[in-house]
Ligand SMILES: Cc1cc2nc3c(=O)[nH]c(=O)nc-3n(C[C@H](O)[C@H](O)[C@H](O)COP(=O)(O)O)c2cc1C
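Only one chain is included here, represented as structure tokens and corresponding to the form predicted alone.
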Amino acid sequence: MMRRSFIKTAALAAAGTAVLGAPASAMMKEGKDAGKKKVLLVNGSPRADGNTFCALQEIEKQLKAHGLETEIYQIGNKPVRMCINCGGCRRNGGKGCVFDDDPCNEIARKLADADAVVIGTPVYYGQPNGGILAVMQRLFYSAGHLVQNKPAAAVAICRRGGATATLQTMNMMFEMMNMPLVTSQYWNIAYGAAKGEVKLDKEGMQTMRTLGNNLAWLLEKIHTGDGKSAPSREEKAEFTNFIR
């Protein structure tokens, strides 16, 4: 099967339907009970505690306030492989990507047990960090059925520009996987250069909190139908334009 056809097939697959092989395989086991909902937040920055982490942490606080289970997973700063279109993930019985020496398959296993995902990245040359981009491409290609219909949000952290292009790149993958996009009061962007500087972006931090509230509300709507008519809103923060 050609790569383009395979991606289309994965994107059209019903939620929970395996498109890569036996759904009972060890990696693709989906035995999560119907109890507490979990959100996986992926830090696509090589810095474990930099600005991207700070933004994800702000989202995580809101999710926990709504009673959701969370985990922030960092891809780290070791080399990440790109997809080489070898087709191995279509022939190995649902074991995921044949390259098992970087975070791709571990994230897939965590996604099998998660109800939603937030992926954050710093902006490099108007694009997502190359490492997280490579991981996302392999992840959705080799384990796309694990993310079908799960809410998703991309978060971009930049010094000055390129964040909207970064969000578009990431959202295009979510859209191909039938993943509802979680929005906020502004694009999911926050600004900062030096470590921790993103916390000074008051509007950006409020955007992250609103994103967390919206995600919690959407999950409640999806899984119980009992969510409020709309999430509560903070009073609008002062604009943070970062003009020095």
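Start at 1 with the first residue shown and count on from there. Being a predicted model, the structure only gives us computed values, none of them experimental.
We do not show the form predicted together with the named molecule, though everything after this point is about it.
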TL;DR on 174-182, 212-220, 191-199, 62-70: the one with heavy atoms within 4.5 Å of the named molecule in the predicted complex is 191-199
The listed residue (M170, A116, I157, I132) that reaches within 4.5 Å of the named molecule in the predicted complex by any heavy atom is I157
Can we say G96, N105 and S142 each have a non-hydrogen atom within 4.5 Å of the named molecule in the predicted complex?
no
* To do: Decide whether C89 counts as a contact residue for the named molecule in the predicted complex under a heavy atom distance cut-off of 4.5 Å.
  => no
Close approach of T207 to the named molecule in the predicted complex, 4.5 Å, heavy atom: no
Verify the contact flag for G161: yes if a non-hydrogen atom of it lies within 4.5 Å of a non-hydrogen atom of the named molecule in the predicted complex, no if not.
yes
Taking heavy atoms only, is K38 within 4.5 angstroms of the named molecule in the predicted complex? no
Checked 125-153 against the named molecule in the predicted complex; residues with a heavy atom within 4.5 Å, sequence order, are Y125, G126
